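Quick heads-up: it's one chain on its own, the form predicted on its own, in structure tokens.
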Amino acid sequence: MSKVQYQLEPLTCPSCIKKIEGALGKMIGVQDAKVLFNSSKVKVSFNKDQVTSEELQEIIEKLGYPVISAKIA
């Protein structure tokens, strides 16, 4: 299981949390997705054999949230 943390531009509304977590949670290979509203970070646990961190980042950006940086653990 791999983990990645994305730093987003500041989130402006709590509904952003459900939008991002919902979209990532539906993806095959994603075990857990958590949005930290106050720090504008997204932490995702995923199976790298089923999905890549680049694909996850693409989903977040398609929702309208630019990713500033990504840290893969």
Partner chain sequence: MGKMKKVHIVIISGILLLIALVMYWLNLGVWKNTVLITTTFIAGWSIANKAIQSARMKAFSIELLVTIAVIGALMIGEYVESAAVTFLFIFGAYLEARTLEKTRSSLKTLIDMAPLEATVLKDGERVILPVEEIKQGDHILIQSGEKIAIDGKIVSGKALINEATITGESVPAAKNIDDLVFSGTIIDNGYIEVEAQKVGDDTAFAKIIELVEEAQEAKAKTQKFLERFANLYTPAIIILSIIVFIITHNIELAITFLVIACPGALVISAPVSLVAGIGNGARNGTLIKGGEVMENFAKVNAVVFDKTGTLTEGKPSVTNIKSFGMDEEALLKITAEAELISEHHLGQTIVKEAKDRGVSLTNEATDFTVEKGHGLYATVASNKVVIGNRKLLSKNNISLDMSIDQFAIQEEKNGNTAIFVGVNNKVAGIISIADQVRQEAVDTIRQLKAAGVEQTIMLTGDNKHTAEKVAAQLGIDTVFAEMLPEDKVNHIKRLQNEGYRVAMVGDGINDAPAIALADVGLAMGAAGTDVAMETADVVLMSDKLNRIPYAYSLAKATIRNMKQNMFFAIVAVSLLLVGVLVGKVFLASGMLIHELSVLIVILNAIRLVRYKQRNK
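Numbering follows the first chain given and starts at 1. What you see is a predicted model; the values in this text were computed from it and never measured.
Another form, the form predicted in complex with the partner chain, is not on view; read the next lines as being about it.
Chemist: Does Glu9 make contact with the partner chain in the model of the complex, using a 4.5 Å heavy atom cut-off?
Modeler: Result yes; Glu9 sits at the interface with the partner chain in the model of the complex.
Chemist: Taking heavy atoms and a 4.5 Å cut-off, does Val51 contact the partner chain in the model of the complex?
Modeler: No, Val51 stays farther than 4.5 Å from the partner chain in the model of the complex.
Chemist: Hey, in the model of the complex, does Asn47 get a heavy atom within 4.5 angstroms of the partner chain?
Modeler: Because no heavy atom of Asn47 falls inside 4.5 Å of the partner chain in the model of the complex, the answer is no.
Chemist: Classify Gln31 as contacting or not contacting the partner chain in the model of the complex by the rule of any non-hydrogen atom within 4.5 angstroms, answering yes or no.
Modeler: Output for Gln31 is no: heavy atoms all beyond 4.5 Å of the partner chain.
Chemist: Across 34-54, which residues bring a heavy atom to within 4.5 Å of the partner chain in the model of the complex?
Modeler: Heavy-atom contacts within 4.5 Å come from Val35, Leu36, Phe37, Asn38, Ser39, Ser40, Lys41, Lys43.
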